[in-house]
Structures are given as C-alpha cells and as structure tokens.
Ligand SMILES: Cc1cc2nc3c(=O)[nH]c(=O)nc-3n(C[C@H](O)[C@H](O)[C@H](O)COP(=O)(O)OP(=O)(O)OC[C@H]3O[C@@H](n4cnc5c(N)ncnc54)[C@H](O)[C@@H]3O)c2cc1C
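This document opens with one chain alone, in structure tokens, the form predicted on its own.
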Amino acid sequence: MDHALTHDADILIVGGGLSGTMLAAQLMRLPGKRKVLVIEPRAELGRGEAYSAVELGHTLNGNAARMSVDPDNADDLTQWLTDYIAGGGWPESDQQHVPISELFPPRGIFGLYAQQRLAEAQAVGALNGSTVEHVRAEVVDLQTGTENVRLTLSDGQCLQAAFAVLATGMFPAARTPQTQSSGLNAAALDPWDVAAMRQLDPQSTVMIIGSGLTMVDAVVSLDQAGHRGPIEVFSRHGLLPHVRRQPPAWVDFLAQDQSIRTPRQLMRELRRHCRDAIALGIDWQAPLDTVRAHIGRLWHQATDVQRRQFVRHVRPWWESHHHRSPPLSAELVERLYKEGRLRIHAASFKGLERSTGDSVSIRLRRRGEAHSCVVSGAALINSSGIEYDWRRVARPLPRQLLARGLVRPGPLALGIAAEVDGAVLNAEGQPASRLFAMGPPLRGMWWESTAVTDVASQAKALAGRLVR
C-alpha cells in the first residue's frame, strides 16, 4: 500500500498553545506545500494555559521588548502593540506610564498577538498551497511506525502523518491531575478563577501553597474579586519573586569567559558582577539578565551531579530572582505585605486535614521545626507552579507515551529526553525518526525551555528540520 494515501497530514502538532502555534506559523512561512493539523481541545489556537487569561491584571512577567514571537525581530511585539493601542485596543495601557517597549501586556492580549501572527503566516503559506487546520480534540494515544505516526483522539478519530510534534506546553500543578494525588486540587480554588473567589467572604482568610509567579497571579485574582481579608502564603523557602525592572546593559561576562561551566563557578562570578554593578550605582538585575542567553548551553553541558546541585541549592533563588514579577502585580503584593494582610511563611505542605464547617485545614511543617502543625482558612489556593515530571501527570497521552516506551523522562525527570534537534528519545535512549518535541517538555534538556523567546527559536529550528 502507498503509505502517502493514508496520511491525513504531513505534520501533526500535538497541542495548540503558544508552542504549537509558533511551530505552525514557522512551517507556513517556509517554501513548499504542506498540510499541518494542530490538535488542541481549546476553542482557539495560540492561547493554551498561559494566554487564556481574561483578566487584565494577569499580565506577562516580561515587557514587550522581551516577548517577541519572531526570533528574527525582537521588536515584533512592540510593533504589534503600537498598532493595537493606536487602533483603540487596551486603553488601560497608559496606566503603566512607560514606553510601549516596556509595557507588560495582559496575557489575553498577548494571545491575540500570537493568533494574528499565525493568521498572517497562514496567508503566506496559502500562496504555496500550505494549510493549517485546528482539530478540536485531545490526543489520548500515539503510535509510531516506520513510515508514519498515528494519533488516537478523544473523539475516537485517528490521524496519520509523516511526522508528529509534542508541543504539549505546560502542565500547571493547579489544573493537572496527578498520578499520586494529595487531593489538593479538589480542595483548592483555581488561582485564576476570579468568579469563584467572588463567592468568598471578603474578610475571610485565604491560604496559598507556593510563593512564585502563580501566587502573584492568585493575589491579583483575589484583589479583583474584592477580597480584603488575610492571605497566608506557605512555601518551602518563603521566597517572593523580585519585581522586574529595566536595567541598563551589562557586559556579557559568560561570552567572554568560556571557562565558567559549573553552578558554583557561575554563582561566584555572578555575585561578583552584581557587587560591581551595585558599587557603580547600577541595578543588580543588569548582570543577572546577561546570564539568560547562556543557560541552555550551561545546563546542557553540565553533568547530572552538577544539575542536581543547581536544583537543590540554587533553584529557589534562581526562580525568585530570574522569574520576576510584573511591576503592577509586584506593587499589589508589596502593598498587601506592608499592610500585614499578606504574610509569607517558610513551610512545607504535608497534606490536607479533615475540615469542619466551611473551613479548609492543611498540615504544614514550618522550616526549622521538627513537628508539623495544622492551619485553617476559609479557602485554599494551589499555586505550586508547573508539574514538569511526566510520570506524575495523570493525563492519557503522557501516560501512554511512557507506558509504550516511546518517551523517557528527561534529566532529573524534568520533561522528556530528546536530541538537540528535538527528536524524542525512547525508553532505550534511541532517537525517533518521526516524533519530535519542543517547548516546556524539553525543560530537562535546556532548563529554560518555557520563555517565549526560547520557544520561538525552537519553533524556527524545528520547522526547518521537519521540512528538510
């Protein structure tokens, strides 16, 4: 049988959030005729978990100049926003009192930007006879053959193509079923569900597990819902994200000194440059921001021991210093903290306790204490970030891929393992010829594989690889 006759598409993209949408756009811009199907259960492409937010207060944590989906034009989002605002969109933007390149757009508006760039790419592809189609379903199984990849969808449909790409995006802990569930999600409010928060007594106590950027979003949600009571935040190290500022340029010291390779060397040299910056009256974020471009290389060339050292000893501080909060959100958190309404506790979540009445009770072990304790509040929010370990994600496709041995966990069980070009490694460590991955699933390969600019670069490289 001619296998080409059985193909429903040339390329199947599993996931239509930002990763899958950017890959589809890059494929449309390349010469040649091809049919691309994007399988995504949401009603729209380009949004995914991150950019489906509808509240204006849920903004990007990077300014426009840092968030272009065009790897060849860092000003692409700035240019799009300029036109969008001039056309009457986002009138609230003038509240930030900064140039457009320094604006932190709402995530819902960023989703519009990604969708428009896809539409423009589709128009280019149409000139060559190329198409992108949205198949609204969830992929529940995947099988690879010598000549094709076959997907089984939640509606019973089967699709085949020469190649498939896992662009599954992120699995937020607050919204992802867990294989070993603590019951936390069943008892907790969604961090972004403002409507549910409006049902709370405005003066009640709300508990939040986790103190990263999801916590910041949760605080914004509570504020927009009219909550005015105490907020108790519990996280292992009790660290808050720093506010993102716009520091001046700093020398790229990692490009100048290739001998810096280990986490210890990196931290020692980074601290030295931060001290030098402060002595000159320059923001310490300036040296830190130069590290971003080198993280993929440093992580990829590190040994597993070095990676483990980084995760164990550096990660909490890296997350709080590098994954910084947008200014307006940070101002709200700081104000509530100074008012005493928001308190941060260094404590580990140990599980739910039986609750009485309308309260929720949890067991915690505070840092430095041998015994656990129970605390209660009117509501609980799970803001523990992203679940990167696919073995803990109780969704059909990750479970099937692991069970079939088509993928294996990435370094330190972060995402899945792959070659440099995105070819997925199976359980025996052999690269697939027809199955690829990009974006957040490659967290273990590059550490930072979730930022817009990282995903944009991966999309361009992978599109070229697939077309070749």
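Numbers for residues come from their place in the sequence shown, where the first is 1. Nothing here was measured: the structure is a model prediction, and the numbers come from that model.
Omitted from view is the form predicted in complex with the named molecule, to which the following refers.
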query: For the spot marked by 314, 415 and 442, is every residue within 4.5 Å of the named molecule in the predicted bound form through some heavy atom?
result: no
query: Since exactly one of 240, 109, 364, 397 fits, which has a heavy atom within 4.5 Å of the named molecule in the predicted bound form?
result: 397
statement: The one residue among 56, 432, 30, 50 placing a heavy atom within 4.5 Å of the named molecule in the predicted bound form is 50
query: 279 to 287, 163 to 171, 219 to 227, 254 to 262: which one contacts the named molecule in the predicted bound form at 4.5 Å, heavy atom to heavy atom?
result: 163 to 171
query: With the partner left out of view, is residue 60 within 4.5 angstroms of the named molecule in the predicted bound form by any non-hydrogen atom?
result: yes
task: Give a yes or no for residue 126: in the predicted bound form, does one of its heavy atoms lie within 4.5 Å of a heavy atom belonging to the named molecule?
output: no
query: Is residue 138 one of the residues lying within 4.5 Å of the named molecule in the predicted bound form, judged by heavy atom distances?
result: yes
task: May I ask you to check whether residue 42 falls inside a 4.5 Å heavy atom distance of the named molecule in the predicted bound form?
output: yes
Sequence-ordered list of residues in 7 to 23 near the named molecule in the predicted bound form, where near means a heavy atom within 4.5 Å: 14, 15, 16, 17, 18, 19, 20
